[in-house]
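One chain is shown next in structure tokens, namely the form predicted alone.
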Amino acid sequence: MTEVWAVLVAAGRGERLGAGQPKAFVAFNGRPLLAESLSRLDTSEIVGNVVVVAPPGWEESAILCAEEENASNVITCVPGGDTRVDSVRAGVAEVPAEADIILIHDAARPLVTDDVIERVVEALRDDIDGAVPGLPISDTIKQAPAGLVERTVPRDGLFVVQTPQGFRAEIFRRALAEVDQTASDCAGMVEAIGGRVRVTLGDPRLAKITTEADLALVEGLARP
């Protein structure tokens, strides 16, 4: 059996959301945003255990949220760091050595589904080091430094990448140890050490919540 652990990164301050509290604890359809991801990861048939990374000082609130959701697969909660990479490192440090696969998921993308998780994990069975869900870009892309168009970028093969991102545990730990914090996502760190990363089909509902408009949009997507 493949042992899959998830690190749920929920340490963002949410300053652009303007809620006066960390993003993970803003109201999302009547309960904390964090609760949505906790509930979905708990009911997943693929994810074994979960480590939550909370804003410093909010660990107790995160554990209470997990208890209220009956999220029994939450093993521990640790404080996040100054950067997202620091927060990921803090969470991965709690994952035991025997774990085969580590999933990194952002609580800011609450509508994670078992279908997406399954596609990511299945991709890792094919001698692949990492897998990320993504959606093909359909819009025209212009490269325009300082606002002046230099070229139109061919969109064939371009994807908007989401989470959860999954990795073979051994190579991801090595990437975290060897790569600096300039990578824009976790997969970029694995790529930097020569790892092979595959894009799997994502989900339009996995939109990231950054602003109030995003929050309203994703709340609507969550409703039946």
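Residue numbers here begin at 1 and follow the sequence given. A quick note: this is a predicted structure, and the numbers were derived from the prediction, not measured.
What follows is about the form predicted in complex with cytidine-5'-triphosphate (CTP), which we do not show.
Picking from 68 to 76, 138 to 146, 115 to 123, 99 to 107, which part of the chain touches cytidine-5'-triphosphate (CTP) in the predicted complex when contact means heavy atoms within 4.5 Å? Partner-contacting stretch among the options: 99 to 107.
In the predicted complex, is there a heavy atom of cytidine-5'-triphosphate (CTP) that lies within 4.5 Å of any heavy atom of residue 12, even though the partner is absent here? The answer is yes: residue 12 has a heavy atom within 4.5 Å of cytidine-5'-triphosphate (CTP).
Look up in the predicted complex whether residue 127 has a non-hydrogen atom within 4.5 angstroms of cytidine-5'-triphosphate (CTP), and give yes or no. No, residue 127 is distant from the partner.
Even though the partner isn't displayed, in the predicted complex is residue 84 close enough to cytidine-5'-triphosphate (CTP), meaning a heavy atom within 4.5 Å? So residue 84 counts as contacting cytidine-5'-triphosphate (CTP).
Is residue 208 one of the residues lying within 4.5 Å of cytidine-5'-triphosphate (CTP) in the predicted complex, judged by heavy atom distances? Looking in the predicted complex, residue contacts with cytidine-5'-triphosphate (CTP) include residue 208, since a heavy atom lies within 4.5 Å.
Mind listing which residues of 111 to 130 have a heavy atom within 4.5 Å of cytidine-5'-triphosphate (CTP) in the predicted complex? Counting only heavy atoms within 4.5 Å of cytidine-5'-triphosphate (CTP) in the predicted complex, no residue of 111 to 130 makes contact.
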